[in-house]
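What follows is one chain in C-alpha cells, specifically the form predicted on its own.
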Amino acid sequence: MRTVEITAFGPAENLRLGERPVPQPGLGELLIRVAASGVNRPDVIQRLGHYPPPPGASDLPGLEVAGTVVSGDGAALAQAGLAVGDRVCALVAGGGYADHCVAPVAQCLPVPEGLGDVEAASLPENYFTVWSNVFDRGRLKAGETLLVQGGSSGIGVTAIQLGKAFGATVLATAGSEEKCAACVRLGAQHAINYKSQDFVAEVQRLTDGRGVDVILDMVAGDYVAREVQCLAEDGRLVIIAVQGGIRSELNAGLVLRKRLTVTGSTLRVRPVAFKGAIAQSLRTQVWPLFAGGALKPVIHATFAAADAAKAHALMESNQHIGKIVLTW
C-alpha cells in the first residue's frame, strides 16, 4: 500500500510517500480501502516529535479516514450493521495516512447520507472530540451558552454547529474578521476577534455580565485565568489542547465562589470501548442531522497524498477555515 511517512522529526518536507505491506484486520477490526484522510493538528505535533502514537498503534500519522470496507471480523461487522463494500469513516489511533487502514469496528461509522469521501474523512476526529468534551464532559444543555476558542479550526466549526444544533447559544473566537464572519455563518451568535478585542470583556458584554456555561479551549496557558473570568456560576471549562503552553495560573477564589469545573481530556489513548460508546452516540444523535442539513462538513482544501507536506504547511500557517483533507 502507499503511505505518507515521517522520515525524520522536523519540518513538513520530512513527509514522504512510501510503501508498506497492507495490514490485516484482527479480532474486532476491519480493513478500509482509504479514499481520503483527514489532516489534524496532532499530525503536525507527531511530525515534530512531540506526540508519539500510543503502544500498538501504527507509527504513520493520521487519525481519521474514509473509504470502503475491504474485509474484517465478520461477527463484529454484523453486530455493527456493517458489511464488506460499505462506505465508512473511522477514527484511528494512527495509520490514517495510507491508502489502506485497519480500524476497530467500534470506531467506524457509515458515511452520512449525501456526503462524499472527502467530506466523510473530515468528520471522525472532530466529531468524536467535540461530542466527548462538550456534551459528555462539559454537559452542555439546550438553553446554555458555549464559548468556542478557535472557532474557525476543524474542531471549532464542528463545535459551533453541534452547539447550535442542540439548542445552545454559541460564541466563538477567531483571529481575523474573515474567520469571525465564517463562524457567524456556521451558527455562532457572535464571533470575537481575539487579536483586536479582549474576549473576556466581550463575553461579559454579550452575556450581560452573566458569563458562559461551557468553554471549549484548545489554547490553555494564560487563557485559563481569563476563561475562569468568563464562566457563569456552575460553569465548565474543558481543555483539549495546550497550544498556548502547559502552565496556567488562575484565581482559585473564583473557582470556589462560582462552583466552577476545570477539566480536560485527550482522546487518542482512550480504549476502544470508550471511543465505541462515543461512536454510538454520534450514530444515533448526530449523524441523522447531516441528512437534514443542520450539520455540514467545512472543507478548506484538499491535497493529493503526495502533497502531504503542503497540507501540513497550510495547517501550520493557521490560514485555513475548517478542514484539510488528503486524497488517495
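Counting begins at 1, following the sequence as shown. The structure presented is a predicted model; accordingly, all values stated were derived computationally and were not measured.
The same protein also has a form predicted in complex with a small molecule, omitted here; what follows describes it.
- Partner proximity in the model of the complex, defined as non-hydrogen atoms within 4.5 angstroms of the small molecule, places exactly one of 114 to 122, 203 to 211, 241 to 249, 75 to 83 at the interface: 241 to 249.
- Using a 4.5 angstroms limit between non-hydrogen atoms, N318 touches the small molecule in the model of the complex.
- The small molecule in the model of the complex comes within 4.5 Å of a heavy atom belonging to I45.
- V219 belongs to the set of residues with a heavy atom inside 4.5 Å of the small molecule in the model of the complex.
- Residue contact with the small molecule in the model of the complex: K164 places no heavy atom within 4.5 Å of it.
- Contact with the small molecule in the model of the complex, judged by any heavy atom within 4.5 Å, is made by just one of C89, L171, V134, I155: I155.
- Proximity to the small molecule in the model of the complex, defined as a heavy atom within 4.5 Å, singles out one entry of A35, L31, V262, L267, which is L267.
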